[in-house]
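Have a look below at one chain only, the form predicted on its own, in structure tokens format.
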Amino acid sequence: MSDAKFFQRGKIQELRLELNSDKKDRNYTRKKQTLKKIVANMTMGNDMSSLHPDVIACMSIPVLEVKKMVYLFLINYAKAKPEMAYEAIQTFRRDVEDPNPLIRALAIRTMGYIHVDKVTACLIQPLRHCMRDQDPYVRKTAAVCVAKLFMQDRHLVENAGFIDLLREMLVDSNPSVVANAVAALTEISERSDHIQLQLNMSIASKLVTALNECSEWGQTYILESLMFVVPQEPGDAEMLAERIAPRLQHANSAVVLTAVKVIVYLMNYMSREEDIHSMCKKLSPPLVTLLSNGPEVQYVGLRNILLVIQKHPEILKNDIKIFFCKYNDPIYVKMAKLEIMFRLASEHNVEQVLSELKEYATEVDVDFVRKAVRSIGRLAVKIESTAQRCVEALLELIQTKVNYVVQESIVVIKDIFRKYPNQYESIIGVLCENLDNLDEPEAKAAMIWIIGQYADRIENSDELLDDFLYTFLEETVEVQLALLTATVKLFIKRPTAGQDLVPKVLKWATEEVDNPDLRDRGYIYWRLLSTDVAAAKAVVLSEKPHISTETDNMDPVLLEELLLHISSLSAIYHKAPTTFIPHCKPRFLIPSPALRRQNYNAGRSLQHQDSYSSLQNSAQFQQSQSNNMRSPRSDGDDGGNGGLDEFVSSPKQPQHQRLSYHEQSFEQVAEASIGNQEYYEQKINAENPYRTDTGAVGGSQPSKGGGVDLMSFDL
């Protein structure tokens, strides 16, 4: 029977009479029907709060369906009318001791949703009892209730010992209970300022064992919790990754992506190249399989893939055909695929990629065509052996006379000229034939740069620049800057041809424009030309730095952080979560002996300048050397030299590695001394605002600050 009939506006008096009817009601059928009408009216936004005495009277009915609706009524109105919740407290206490585990779980869940002080105070003891209940359903419900209670009153959860109870539930015999306990601990850790979840290998092994019997939701949370495992010994990361690898074959894309994230994280703690290569081979098939889903899942997968291949390009180097665009792909999927194709392009597959890009450049979608044309130019810059074919392809596209194609081609040809000077200047004549088609600032600026750069080879360069100068004051700043520099270049290379243009442009730039950058550049050129033409030539015609596609790469620090957030919004936005989520904790790799043994020269991790090297030539360093190379102090005393001793190691000790992967947390973890575990512990505890214990590696120890200990489990 359909429930649509209940979604009709009901009169309060009629509903009250139905609830209080004295007629025989076998199996409470009439009350169920009436309560459904009340819930339906609540859903439609009608105020049913005046019925609360009559609804609360139904709490004594020992029927689960009735209790669910009554509890829903209480959750909806208790915040606005706390006295309603006070009347239900005694019934809650009875229900949490009910023989039926479903009713016990329902009662404890409802109390967790009602944010009223008296209800919260009455929740503590029943919740503690339910966390040790014999029935696993009650225990797993209680675990989630702790996380809800933490959002309401953090200090209560910390002081009432619920964190310890959740920790005990990690070794529960029921996988669903374990999954919920992990979910609660992870949520609390992410929201707390001084509680940080850290799991040792023993707990991690038990969690992986529970994976096979968990639901998809539980598997995702357990895998997410493994991001808080810091391998300490060689082989720990390899063993854990091997046990997680079967999750890569899961049908649920969330489980697959979370497993990919954990494995990519663990690869930072692997020391053997063959292990890393083996893991890369295992990651390829599941990432490819993600592209067989719907377009939304494809896009999420592509954005995550783009991060992974920037760190480990070998993962999908042989699967580039998978990223060729289909005719019915949405535009956002096509754009994401284009970027990945460019990233994976190499001398071995560049012919295939170039052929595809030429096809895409003839499509009807303007944005897609623009990106395809730009990718051809980037391909020429990236792979020198294919530059000639890319230039030929761009010339073919220019011949189509399609306005936006011509303009994009000119923009990328400018970059090719910069990358390969004096090689492809023969095509300048073709470019000059299309000057009338230029109406976009970037294309105009690129063409003006080409004219100025090769003013001595273009016979009528002065006429071409003069044509652009007719609209100098109406152009964008980008074009104005290009015109100013190109005109000065023309004057330096061909004084006779440029002598009439330079004064006019300099006058406009210094007297008739408001942009400070343009005005300042005009003054600089004017003074250079009026005082020392040779100096002006040295400045304006100086050798340009070579360009490369490395400038397109993501900032290494940001990339390392985003790899710790695969399968989240952060990986889709390609932004650190701290930039769009208030009070979000940053993530970074925690140093350990396994991490420090990694070969950073292999290009698989960040290479920051070593602190030891950066101080080697400083006066302070020389002074510290004269003090017999004092070793780091463990008592917090800096010896009067501003903490410089922290960076100083004896000649026989290895140098410090910069290991942080987040800008804000870099200094907290980067100064860990290799082989000096005690110093590492004290340094991290002193400077990391999210840690309060001293047992992140060696076991749980009391917090010196009086706060809650980190959950670093050694069971």
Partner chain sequence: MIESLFVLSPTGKVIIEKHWHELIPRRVVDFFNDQVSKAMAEGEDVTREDVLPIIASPKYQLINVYRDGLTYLSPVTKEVDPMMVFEFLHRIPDIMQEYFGQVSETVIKENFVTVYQLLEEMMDDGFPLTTEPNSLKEIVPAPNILNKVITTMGATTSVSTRKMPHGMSNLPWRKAGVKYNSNEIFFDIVEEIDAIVDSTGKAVSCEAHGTIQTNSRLSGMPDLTLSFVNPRLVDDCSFHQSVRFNKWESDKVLSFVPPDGHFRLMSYRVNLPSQQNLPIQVKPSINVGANGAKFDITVSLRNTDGKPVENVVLTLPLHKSTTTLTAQCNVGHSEAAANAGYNIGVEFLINSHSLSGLKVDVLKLFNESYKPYKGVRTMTKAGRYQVRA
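Numbering follows the first chain given and starts at 1. All figures in this text were calculated on a predicted structure; none of them were measured in a lab.
Beyond what is shown, the protein has a form predicted together with its partner chain; the following relates to that form.
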(request) Give a yes or no on whether every one of His155, Gln198 and Ile263 sits within 4.5 angstroms of its partner chain in the predicted complex by heavy atom. (result) no
(request) Scan Asn293, Ser346, Thr209, Asn515 and let me know which has any heavy atom within 4.5 Å of its partner chain in the predicted complex. (result) Asn293
(request) Using heavy atoms only and a 4.5 Å cut-off, determine which of Ile524, Met554, Val539, Met151 is in contact with its partner chain in the predicted complex. (result) Met151
(message) Partner absent here, but in the predicted complex, which of 285 to 293, 474 to 482, 270 to 278, 229 to 237 has residues with a heavy atom within 4.5 Å of its partner chain?
(response) 285 to 293
(message) I'd like to know whether Ile56 contacts its partner chain in the predicted complex, with contact meaning heavy atoms within 4.5 angstroms.
(response) no
(message) Please determine whether Met131 contacts its partner chain in the predicted complex, using a 4.5 Å cut-off between heavy atoms.
(response) no
(request) With heavy atoms only and a cut-off of 4.5 Å, decide whether Ala535 touches its partner chain in the predicted complex. (result) no
(message) I'd like to know if Asn27 sits close to its partner chain in the predicted complex, meaning any non-hydrogen atom pair within 4.5 angstroms.
(response) yes
(message) Using a 4.5 Å heavy atom cutoff, which residues in 316 to 337 contact its partner chain in the predicted complex? It's fine if the answer is none.
(response) Lys321, Ile322, Phe324, Cys325, Lys326, Tyr327, Asn328, Asp329, Pro330, Ile331, Tyr332
